[in-house]
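Okay, so here's just one chain, in structure tokens, the form predicted on its own.
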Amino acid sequence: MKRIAVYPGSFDPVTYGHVDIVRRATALFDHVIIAVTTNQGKPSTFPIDERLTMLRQALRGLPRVTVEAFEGLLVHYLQARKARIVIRGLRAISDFEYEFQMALMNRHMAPQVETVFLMPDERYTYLSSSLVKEIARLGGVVAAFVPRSVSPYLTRLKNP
């Protein structure tokens, strides 16, 4: 049976931390689906079509990776894709409480679903899309934090 894992998130924008998690997941699973969604808790900076484009460009060349948009409950999406595994990245202890709660809720709704937590390379443990956007808005250089193809999108955020 093919082991399909889903890495959900808003990826607003994709960072090297996200790319690192995808690389780690592809070493463990037969196919990894990057499932891009809108975070209902905060407005997106980039429209979903731009986030999909950024991810496809950043992950080009990685084998067995698909980038898709989705709406609704993650467990419904997993069922539609015949996947049982959710990938989540943990950067710090502060991420764990929320991710643990989400994993348990997904398990409650779909007992066959397992969540696998992966830690990025220590170079990316401080990195978040929110921090990258803030640096870009204030005119900072973001090249060390995002794939080259993402930088032009962030340049548009610069405050005058």
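Residues carry their position along the shown sequence, with the first being 1. Keep in mind that this is a model prediction, so the values were computed, not measured.
Just so you know, the form predicted together with a small molecule exists too; it's not on screen, but the next bit is about it.
Contact annotation for residue 70: at least one heavy atom lies within 4.5 Å of the small molecule in the predicted complex. Not displayed here, the small molecule is approached by residue 21 to within 4.5 Å at the level of heavy atoms in the predicted complex.
Not displayed here, the small molecule is approached by residue 42 to within 4.5 Å at the level of heavy atoms in the predicted complex. In the predicted complex, no heavy atom of residue 85 sits within 4.5 Å of the small molecule.
In summary, among the residues 62, 102, 28, 116, the only one with a non-hydrogen atom within 4.5 Å of the small molecule in the predicted complex is 102.
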